[in-house]
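Here's a solo chain for you in structure tokens, the form predicted alone.
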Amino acid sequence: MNPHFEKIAQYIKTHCQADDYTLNINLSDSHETRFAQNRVTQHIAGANMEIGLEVAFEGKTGSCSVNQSDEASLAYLLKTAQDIARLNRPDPEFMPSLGAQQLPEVQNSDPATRNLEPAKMVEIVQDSIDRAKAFGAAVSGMTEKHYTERFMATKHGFTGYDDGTEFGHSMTLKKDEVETKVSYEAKDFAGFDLEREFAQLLSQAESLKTMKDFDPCQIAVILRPSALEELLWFMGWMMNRRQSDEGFTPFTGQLGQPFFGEKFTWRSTLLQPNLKASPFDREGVVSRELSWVENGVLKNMPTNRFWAKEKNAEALSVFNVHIHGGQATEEEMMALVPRGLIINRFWYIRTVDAKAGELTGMTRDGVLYFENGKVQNAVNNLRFNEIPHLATRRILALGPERLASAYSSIPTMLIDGFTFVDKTTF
């Protein structure tokens, strides 16, 4: 526990006049080295702190935040939050703060990553640039490390603390008309292998050299983990219990039903040591092993404390994403269908129909066409319109899970009949 946080908490506890309060402190220390066109362009470094306080007088709430912890700033924080609360109308959805909780033990911080020197980060960037030059290409991207501390305390006795690290390195390689990207993100630096990442980058670039025009259609796709992660985050945001109970999402009335494909299982877990997992959420709800979807059956949905009380349900939050995988390789997936596309990433995803769960978006960083079990050529980027939960009913094969980010472990997935509706010129 950071002793400085305890001093701040003691000041609030001593001086707060409100019936209730929740104190949140977030501290971050980040280093980001950006590079573009084979040269370092920027290094940003520094610590930030945000102290947020929400208070309540008989259900009337007020909040304020500051970024300094001297006594004058804390007095301002307290007075402003309390003045706002006294002037406010009662909040009909006000929930008293939680008391003491038994929090799970998690290990989100890696000392080696926290102590990673900027000189080492610049060395990684220079190595990336040297490799790109040797290939006759230009590389752009960012290497970054972050250390965070999070503290929460309430008037009723809740105290929670969590610290974590993240290391990331992304590279976009451009040579002639070919442009493609790889990225690595994890809570520890030790798993990073630049040679492996660059080999993947070159493999993608080589595969994209022969580009042919491809018209939109319904076709089988192999979604690599980064593409699948981007799609599932959007679907996950729709899986809100309240919005569903009020009829605004496709998940209305589907709890306990086989609403997804039976090959699809989605959990949040504290048991995967390579995944970050916050021990508590912003309301103080304790993280635990959770199945959101189990073999296609919708088991749970994220629910805040107010709605959980209204529905006599349990408050739940998504704290990481663990999608169960299989053993199929991409070669084995390509052999399962006559033809298809391999998708590296999606971007610019937007909602078309929230009630139906329909999304639209575009491919990026390289699309490959395969036929008769082999990659034939690259194709232009395409726009898709798809309903992700329906797409899980068309899963044909799953590859092994791997880190797509510090918070997600996701497999490669072969999905039949994915819908593309347009093609792009960029």
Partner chain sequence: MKYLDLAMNAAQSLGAEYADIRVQKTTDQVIYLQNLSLKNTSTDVLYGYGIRVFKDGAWGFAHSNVFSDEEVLATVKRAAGIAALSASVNKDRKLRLAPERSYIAKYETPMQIDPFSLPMKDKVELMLEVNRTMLAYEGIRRAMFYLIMHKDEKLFASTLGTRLELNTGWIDPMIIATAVHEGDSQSRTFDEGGRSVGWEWIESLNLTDKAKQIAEEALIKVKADTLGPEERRSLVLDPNHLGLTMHESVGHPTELDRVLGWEADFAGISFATPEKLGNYQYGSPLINFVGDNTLAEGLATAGFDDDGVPGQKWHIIKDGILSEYGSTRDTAPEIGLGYSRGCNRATYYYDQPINRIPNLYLLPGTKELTPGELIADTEDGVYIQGRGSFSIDQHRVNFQFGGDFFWEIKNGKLARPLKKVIYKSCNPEFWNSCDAICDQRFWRPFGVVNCGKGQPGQSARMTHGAAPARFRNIRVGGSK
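Residue numbers count along the first chain shown, from 1. These figures come from a predicted structure and were not determined experimentally.
Another form, the form predicted in complex with the partner chain, is not on view; read the next lines as being about it.
Mapping the unseen interface onto this chain, G141 counts among the residues with a heavy atom inside 4.5 Å of the partner chain in the predicted bound form.
The closest non-hydrogen atom of H389 lies beyond 4.5 Å of the partner chain in the predicted bound form. In the predicted bound form, none of the heavy atoms of K309 sits within 4.5 Å of a heavy atom of the partner chain. Among residues of the shown chain, E332 is not one whose heavy atoms approach the partner chain to within 4.5 Å in the predicted bound form. Of the residues given (W237, F192, F248, Y161), F248 alone sits with a heavy atom within 4.5 Å of the partner chain in the predicted bound form.
When the partner chain is considered in the predicted bound form, only one residue from E149, E229, D281, E179 comes within 4.5 Å through any heavy atom, namely E179. Looking at 105-113, 313-321, 121-129, 283-291, the stretch with residues near the partner chain in the predicted bound form, meaning non-hydrogen atoms within 4.5 angstroms, turns out to be 121-129. For the partner-free chain shown, D29, H31, E32, R34, A36, Q37, N38, R39, V40, T41, Q42, H43, I44, A45, G46, A47, N48, M49, E50 of 21-54 come within 4.5 angstroms of the partner chain in the predicted bound form, judged by any non-hydrogen atom.
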